[in-house]
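Single chain ahead, written as structure tokens, the form predicted alone.
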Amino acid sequence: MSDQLTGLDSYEEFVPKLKQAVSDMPEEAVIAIVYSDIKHFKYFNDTYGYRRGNRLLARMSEMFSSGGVGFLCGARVVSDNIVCARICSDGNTAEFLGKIKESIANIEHVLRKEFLCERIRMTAGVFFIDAQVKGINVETAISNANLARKQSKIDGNDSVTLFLPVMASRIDSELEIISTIEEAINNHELEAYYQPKIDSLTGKIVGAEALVRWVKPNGTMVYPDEFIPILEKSRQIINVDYFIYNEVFAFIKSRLDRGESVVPVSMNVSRQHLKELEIIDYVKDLCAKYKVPTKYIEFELTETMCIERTERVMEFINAFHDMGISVSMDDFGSGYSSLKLLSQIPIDVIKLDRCFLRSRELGDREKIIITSIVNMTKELKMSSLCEGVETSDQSSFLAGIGCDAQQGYFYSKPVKLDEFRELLAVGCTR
């Protein structure tokens, strides 16, 4: 029985049709399994209603079956997940993939125009069945196309992704992280750690950076480089960021209420925030909820984000400056457009990337470069902070050239909240 909403086959009908098509295909032909969905379809339903969402699915399915190259059969698997088979008689897979991408881009364009919604985006995975893999189980082929779709969703760069064998094992581990992070937040497995920022001249704590740590119930630590890069490819990183923001605001509020000393705390901003800037309203709500003076709040943008999304970054910075919130540029000097950025973006704090201190003993060239950057920040009325400080000599050099603040293991690693409270009680780390 066909799917009543889309008019496509049911999955149970699609599988035998695909098997037959593969059995009958000519030696030189190739069949593409295209598994697709609509990005954030749930949000479309929530915003415009299920009736309009159903119309969107029906229209998309109609275009799949009537447009594009070599359509054989298609089915709605579940919700907005649609799989179809297309055939190319000459076996030119590179050209075939290009036509599939073009077809999906055209469907996106038509849907955005007809439904008056610029946020409509599609994700698709493609698996090719040719003479070499003709004997493959067709449900495995469908699964491979679905894996490629999931990889496309994780990468977030290209709307159409071709299946590669390495995806099978990588996808499983990445999706496990993406699918379990919300539960980890609810179970209080995530924690905010704080790394002090030290005044170069006085050695006193003048701020901190809030960083996320994930500790599972069995005590196993999931290190940031294991899950942050994966989550940064999806909207799940936003939930993690919001968790940390809320923790920081609550921490500052608790100290203010007790009459304890307070230092500004900086928080990292994922590139996902720059897509829609929902973060601005979220932070406004936090300010209203906790009544925290914005002079204690700072947000960090990476140099790469500033390079890639300069105009959006400007919107972000202006909005937070209007609220009295400072913005710093993290990892400064790790890219190739650093100096040009400083002439365009009104940053408050420059954080020199740890790459400048890669050598525990600084050479003359490194010293000249670091000194020049620190002097330049002073001329631009910006504050300077150097990350990755690990030795007394490095610290003394930075203090000598007038670098405002320092951060690194020489002073303190990122520590749990209770330990950071103890450091604040004495005002320094050494």
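Note that residue numbering follows the sequence shown and begins at 1. None of these values were measured; they are calculated from a predicted model.
The same protein has a further form, the form predicted in complex with a small molecule, not shown here; the description that follows concerns it.
For the residues Lys153, Lys253, Arg312, Arg354, the 4.5 Å heavy atom test against the small molecule in the model of the complex is passed only by Arg354. Listed residues Gln195, Thr180, Ser103, Asn146 were compared with the small molecule in the model of the complex; Gln195 is the one with a heavy atom within 4.5 Å. In the model of the complex, the small molecule sits within 4.5 Å of a heavy atom belonging to Asp331.
Taking the partner from the other structure, the small molecule in the model of the complex has no heavy atom within 4.5 Å of any heavy atom of Cys84. Using a 4.5 angstroms limit between non-hydrogen atoms, Glu366 is distant from the small molecule in the model of the complex.
Under a 4.5 angstroms non-hydrogen atom cutoff, the small molecule in the model of the complex lacks Ile38 among its neighbouring residues.
In plain terms, the part of the chain that comes close to the small molecule in the model of the complex, with a heavy atom within 4.5 Å, is 386-394 out of 58-66, 386-394, 30-38, 370-378.
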